[in-house]
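Just one chain is shown here, as structure tokens, and it is the form predicted alone.
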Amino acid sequence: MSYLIALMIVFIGFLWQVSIDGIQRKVTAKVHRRVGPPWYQTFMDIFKALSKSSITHGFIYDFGVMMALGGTIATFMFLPFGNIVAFNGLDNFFVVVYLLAIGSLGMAMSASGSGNAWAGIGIMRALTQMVAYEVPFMIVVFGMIHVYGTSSLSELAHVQQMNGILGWHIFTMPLGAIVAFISLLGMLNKVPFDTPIAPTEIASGPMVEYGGKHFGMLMLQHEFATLVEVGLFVNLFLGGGNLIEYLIKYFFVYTLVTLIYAVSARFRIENVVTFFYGVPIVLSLVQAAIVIFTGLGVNV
């Protein structure tokens, strides 16, 4: 039964995220005073890419793409999707973060296997940026886990729901929520933190050699990774909720990310690291100290 629920979550999540991505492309176009593509354009892009043949660069190149997509979809199966949990007891923050890393490493392995210099530079930037944004994000979440004594995402969401809207961590842990949202921009590789791709600098970096089915699979991987990363923020800081509440919160978070993306400029990679190891890491340490040593801002 759990596997059927997991497959249902994957199907619904795919339809939701790809539709939302198309809507956000329209939002970006409106900000830029353009017409933009139709909301279903992302569906067309994915299916068109999957229908085409592609060139291979060897076993590592092919296997890495499958590893990236499979690892990311598996990660999404363990994430609470609203009040739907496919595998009870395994919706654990550490399980999700560990599996998500498998998808990222698969992408890195495949892009490196292409032998393209731009891909190598992009992967180097992506791994550097990952180290930068994960440190302040993990500090905030570790403080939260220490206070509640659990790393279950559904339990962390439930304890926020018990205290109503004012019990959401975005209100009780505002410094941590700010850090987590900034880290979310880094996770999503959205401007100002899209340095690993940077089309005008390194020709889309890791994506430069992909086409056809390989590119279509990586488009799918990106959509499922977005589902996981935005979903983590919704569960950890907005209290999750039933499926409708969850999707509404997800929509508003992703729209805010899109609006920031639409009006921002890109950081240089060295500026990304300097930025995350500056104010965000200080805020994360302050927030962790508050919740661990005084309990202020968190009602256990």
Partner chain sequence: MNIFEEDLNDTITFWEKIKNIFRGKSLWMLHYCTGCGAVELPPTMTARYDMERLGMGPMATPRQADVLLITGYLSVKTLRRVIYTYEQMMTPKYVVGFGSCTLNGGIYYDSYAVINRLDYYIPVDLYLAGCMPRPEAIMNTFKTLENMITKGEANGWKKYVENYDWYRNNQIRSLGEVYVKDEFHE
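Numbering follows the first chain given and starts at 1. Predicted model only: the values in this text are computed from it and were never measured.
What comes next is about the form predicted together with the partner chain, which is not displayed.
Per the 4.5 Å heavy atom criterion, the partner chain in the predicted complex is contacted by stretch 37-45, the sole one of 242-250, 37-45, 65-73, 266-274. In the predicted complex, at least one heavy atom of Gly113 sits within 4.5 Å of the partner chain. Interface membership of Tyr210, defined by any non-hydrogen atom within 4.5 Å of the partner chain in the predicted complex, is confirmed.
Using a 4.5 angstroms limit between non-hydrogen atoms, Ala203 touches the partner chain in the predicted complex. At a distance threshold of 4.5 angstroms between non-hydrogen atoms, Phe215 is in contact with the partner chain in the predicted complex. Highlighted residues Ser152, His158 and Asn163: none comes within 4.5 Å of the partner chain in the predicted complex, counting any heavy atom. Listed residues Val95, Ile121, Met219, Val191 were compared with the partner chain in the predicted complex; Met219 is the one with a heavy atom within 4.5 Å. Of all the residues from 46-66, those having a non-hydrogen atom no more than 4.5 Å from the partner chain in the predicted complex are Phe47, Lys48, Ser51, Lys52, Ser53, Ser54, Ile55, His57.
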